[in-house]
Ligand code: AMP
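Given as structure tokens, the chain that follows is alone and in the form predicted alone.
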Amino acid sequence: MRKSLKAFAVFVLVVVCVVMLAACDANAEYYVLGTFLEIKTEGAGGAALADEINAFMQETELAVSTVMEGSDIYAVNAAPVGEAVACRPVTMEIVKEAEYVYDLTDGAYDPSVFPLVELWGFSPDKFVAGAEGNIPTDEDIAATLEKVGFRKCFSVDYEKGTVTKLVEGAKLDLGGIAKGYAVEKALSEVGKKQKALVNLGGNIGAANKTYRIGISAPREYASQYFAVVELYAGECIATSGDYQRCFIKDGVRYHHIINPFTGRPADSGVAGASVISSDGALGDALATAVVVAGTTSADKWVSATGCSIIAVNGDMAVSVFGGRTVECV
């Protein structure tokens, strides 16, 4: 009887330990930067760490939001031509990353494309999912194109921490790079503490563990994901596509990724692009550039940055650049 009690006590202790270890894991969800933030942590202190990550991302949104009064980007967009607007260090860091990718992609990624995004009704404050959108006139597109072009429309002084508008009506939007930046910075904190997976609207980062990540199918498919990749510790994956904010009119798909050279939704043949990199901001912006410009320069971008690019067209044909193993499902 004593042996049975002892064995039972050991069994209970093991069960309690397992339950306690499982209880240390945490899943948290927030809303920030116009999308959902999901954080999965493994180990003690996960809930507190998730709150820290969310707080950092909320601060990032306060700096770069196009719609929040008091944000740096809101101030830049509202300022008159020639007025230097002082910005937070985080804003200047993101602008610097944006300028780098703008140069790398010869303008395929352009943070000044926002006036065209607004014209087409795809800005966060205008777009309504399921609504029939309106197609701008050629005249309106041509006039708005005069307000687009990062080098033409803005001057940046990194030493003074200021951004100056040079063209009336020009506007910056860092939404296509800030999410990747925020995920990478969150990883730098998480990576010192525990295993975690951070997902900010499809910008995903892994810390201290390899995770299998599904890539969403941009068209009707047998499953939600068309491919799976392994995301190693310290890496981020960012995905852009023509299926997220879009409307279809007369059989034509119009979407929010605007070609800054034509003023119209990108029509490169790439329906979705994912970029894997240790630089989250780079991956986020470069994914947009691939949708805009196609895969013609993919090898050059991979060589210059060490990233991997996964592109899929409207027929669900997949192209991979950078040597990453991709498991199509």
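Being a predicted model, the structure only gives us computed values, none of them experimental. For every residue, the number given is its place in the sequence shown, counted from 1.
Keep in mind the form predicted in complex with this ligand is missing from the figure; the text below concerns it.
Would 175, 260 and 292 all count as contacting this ligand in the model of the complex, using a 4.5 Å heavy atom cut-off?
-> Contact check passed for all of 175, 260 and 292.
Partner contact for residue 165 in the model of the complex: this ligand, 4.5 angstroms, heavy atom | It does not: once this ligand is placed as it appears in the model of the complex, residue 165 has no heavy atom within 4.5 Å of it.
4.5 Å heavy atom contact, residue 244 and this ligand in the model of the complex | Yes, contact at 4.5 Å.
Is residue 288 close enough to touch this ligand in the model of the complex, meaning at least one heavy atom pair within 4.5 Å?
-> So residue 288 counts as contacting this ligand.
Contact flag, residue 256 vs this ligand in the model of the complex, heavy atom cut 4.5 Å = Heavy-atom contact with this ligand at 4.5 Å: present for residue 256.
Just one of 187, 108, 95, 73 has a heavy atom within 4.5 Å of this ligand in the model of the complex. Which one?
-> After the contact test, the surviving option is 108.
Looking at 215, 204, 113, 207, which has any heavy atom no more than 4.5 Å from this ligand in the model of the complex?
-> Residue within 4.5 Å of the partner: 113.
Picking from 77-85, 175-183, 224-232, 192-200, which part of the chain touches this ligand in the model of the complex when contact means heavy atoms within 4.5 Å?
-> Result for this chain: 175-183.
So which residues in 210-241, when you check this ligand in the model of the complex, have a heavy atom no farther than 4.5 Å from it?
-> Only a single residue, 240, comes within 4.5 Å of the partner.
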